[in-house]
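Before any questions on binding or motion, here is one chain by itself as structure tokens, the form predicted on its own.
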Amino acid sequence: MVLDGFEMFPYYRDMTRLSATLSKLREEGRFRVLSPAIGIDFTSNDYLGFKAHPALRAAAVEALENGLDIGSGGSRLLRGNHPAHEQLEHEAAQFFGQEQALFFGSGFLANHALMTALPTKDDIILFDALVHASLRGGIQSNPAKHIRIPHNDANALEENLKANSGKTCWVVLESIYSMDGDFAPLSDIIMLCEKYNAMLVVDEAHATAVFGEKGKGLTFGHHSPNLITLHTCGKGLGVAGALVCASSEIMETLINKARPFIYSTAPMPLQAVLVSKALQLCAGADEQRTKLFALCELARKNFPCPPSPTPIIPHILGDEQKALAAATAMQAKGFDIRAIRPPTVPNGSSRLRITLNATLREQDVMALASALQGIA
């Protein structure tokens, strides 16, 4: 049936298709909506409680009162390159023990830039099966051959490095995986990359500010021209953006070839000032890290969870609808916990992703443990 001729236009056919897609997502329990932060925080990545730190507020006020521009005005290659960006990059390179650093607006942009600008079409990308969507998206956009390595399987990685020993290989992984909270076998993988002269890209998003000396990440202390690390600034550091740390050749390549860097408006100068301040706070945050690790130990004694000592605790329920119902029940009890469903996690592994932070109290953790028993 034709209604005023509307069916003749592709737009309306497309709207019908999109409506059908959304209906299917609802039926599968995969439809997503935005909701505010309400209740005790057991869901954010603000591991040290920096996002509301009074020193960061004071730094923001001081910078603005001293006349710091609000916006950058353009990309870094145009007029958007501000002294605050360059100062942060200098400080970050020193802090993380790398030759140089480059500041991006977000970790997603930075990971996409790494995967699209660095490997060439003749290279091989060997990536862990559970790397973040930002890395996978960049890998899929690159014409280089890419091989999915079973999660944390160093033996499978070596087999593929050996099979491709005549080519430049890029090994891509996370130091701590965002959904399961487990560690990569970094020492083994670093040795393999040195043995086969492979490039190594390590996303330190969930280790930065929490693990390593003074929160410098799990790769800190490993010196190699083949090592590239990414440190997001919106999780443990409490601000926003991301820092890629590597050799000067890698930085120059990204500046000249990375489209997410070249064609993005530069981050606000204030953002760079606040990340600089967050790095200073991170260096002196041993007390917060000690408290966080104590909460992690307490949680693992009382929660049904894997043994990994990170602040990320997956409570796997399997079915999408069960995960949604459990999250709703926890929120009704005053705990801000969200359901994680495919495609973020594999089919059949929908879960509550519980995260701990240093602002929590022991009684908060024990109250959550009791509530979890009620929905088990």
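These numbers were taken from a predicted model, which means no experiment stands behind them. Residue positions are given as counts along the sequence shown, with the first one as 1.
There is another form of this protein, the form predicted together with a small molecule, and it is not shown here; the text below is about that form.
The partner is absent here; in the predicted bound form, the one residue of Asn142, Gln288, Gln98, Ser178 having a heavy atom within 4.5 Å of the small molecule is Ser178. Residue His132 is the only one of Arg76, His132, Lys277, His85 with a heavy atom lying within 4.5 Å of the small molecule in the predicted bound form. Mapping the unseen interface onto this chain, Gly241 counts among the residues with a heavy atom inside 4.5 Å of the small molecule in the predicted bound form. Although the partner is absent here, Gly107 lies within 4.5 Å of the small molecule in the predicted bound form, judged by heavy atoms.
Using a 4.5 angstroms threshold between heavy atoms, Thr229 stays clear of the small molecule in the predicted bound form. Contact check for Asn111: a heavy atom falls within 4.5 Å of the small molecule in the predicted bound form. Residues with any non-hydrogen atom within 4.5 angstroms of the small molecule in the predicted bound form fall in just one of 180-188, 231-239, 113-121, 143-151: 231-239.
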